[in-house]
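The form predicted on its own is given below as one chain in structure tokens.
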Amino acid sequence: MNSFPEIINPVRILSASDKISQTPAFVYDETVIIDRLAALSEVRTNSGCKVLYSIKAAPLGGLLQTIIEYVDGFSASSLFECQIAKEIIGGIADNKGTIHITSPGLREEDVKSIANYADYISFNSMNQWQQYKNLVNGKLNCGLRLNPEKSFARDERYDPCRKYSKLGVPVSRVANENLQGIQGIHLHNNCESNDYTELKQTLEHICELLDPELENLQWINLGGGYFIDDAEQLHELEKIIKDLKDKYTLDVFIEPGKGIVGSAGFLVASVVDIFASDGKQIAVLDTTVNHLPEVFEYQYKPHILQEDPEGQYEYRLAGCSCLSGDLFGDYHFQQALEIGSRVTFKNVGAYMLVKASMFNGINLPTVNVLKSDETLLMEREYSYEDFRNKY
């Protein structure tokens, strides 16, 4: 499921990796993020939409400071994400940007606090809207999350429109609901796609069912789940948004996350042991799948910058935890690995860091940002105190 474009500069990343004194280390390449944001800025200019960054992909403060200069705000999924979004936006002289939130599990105390940080809220169900509308009326611009009932995700685990979905009000039922006070709708029904014709099909379905209701709304949030790696497809996105805005008087938001930071993230690890097991060379790294949890969750083999499919040296790369399944896969290299050799996983910028754990008491990687001028800045270093205080 790791289908990012090759927009990275391997020489630049490997050079930065050599500067890292201690591994494991996450590295975010600022130039890749800016490249993705520039593509989105063109979409925004050509279509008239507004771009939000989905904080859940990577909430690193240094990245958010860079990203906010190119977007119209942030989308959040929790109170804490709203708070960090407000810190970033509030720290700008002109208080640039708005904060949008949707979540399937809001509590009353959450909603009361969210009203102090967010600008838009999309309720996940009619029940939550009825329960909390009096708390937020006049404070937040209120919307409703829809389940478009159109599935495109290949893996049901990540399909927001799967059977018995918990995410959003089924669009087939919305026309029968009382939408008084609802000012917008939010939808998100895809995962790791670069085919915007799927979005077009979704909107055609929604417009067919909700045409009168859309006339009375102020905005629509088209969600995320799409990569930003194909110019032709981005032109298709522009056309979809322009057609929507021509038909209805709506503000249109999009909220990519992984599409912005996914291909910008790398994990640098070092080999700490090499031995033979049943005739296969095992290379143990100083990192673990618990630092790249989506590798285990999705059961995919992560890509490595140093990998060469034609290389004569083959190793099974293993993590350093006691979990027997802590394995990254079999890889070929042009040169034999040694104790201390560096291995750099690529396309791991989204969801890995936020899901990483200290299982077995293994420390988390440091977090670094590679700036446009080649400066490598350490944003975060973890310690025993982080482990002790977590539990």
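So that there is no doubt, residue numbering starts at 1 and follows the sequence shown. As the structure is a prediction and not an experimental result, all values here were calculated from the model.
Below: the form predicted together with a small molecule, not depicted.
Of the listed positions (Tyr28, Tyr351, Phe328, Phe345), a single one reaches within 4.5 angstroms of the small molecule by any non-hydrogen atom in the predicted bound form, namely Tyr351. With the partner omitted here, the residue from Pro148, Gly224, Pro302, Gly73 that has a non-hydrogen atom within 4.5 angstroms of the small molecule in the predicted bound form is Gly224. Contact with the small molecule in the predicted bound form, defined as a heavy atom within 4.5 Å, is made by all three of Lys56, His186 and Pro256. When contacts are judged by a 4.5 Å heavy atom cut-off, Thr102 counts as touching the small molecule in the predicted bound form.
Listed stretches are 131-139, 304-312, 224-232, 276-284; the contact stretch with the small molecule in the predicted bound form is 224-232, by a heavy atom cutoff of 4.5 Å.
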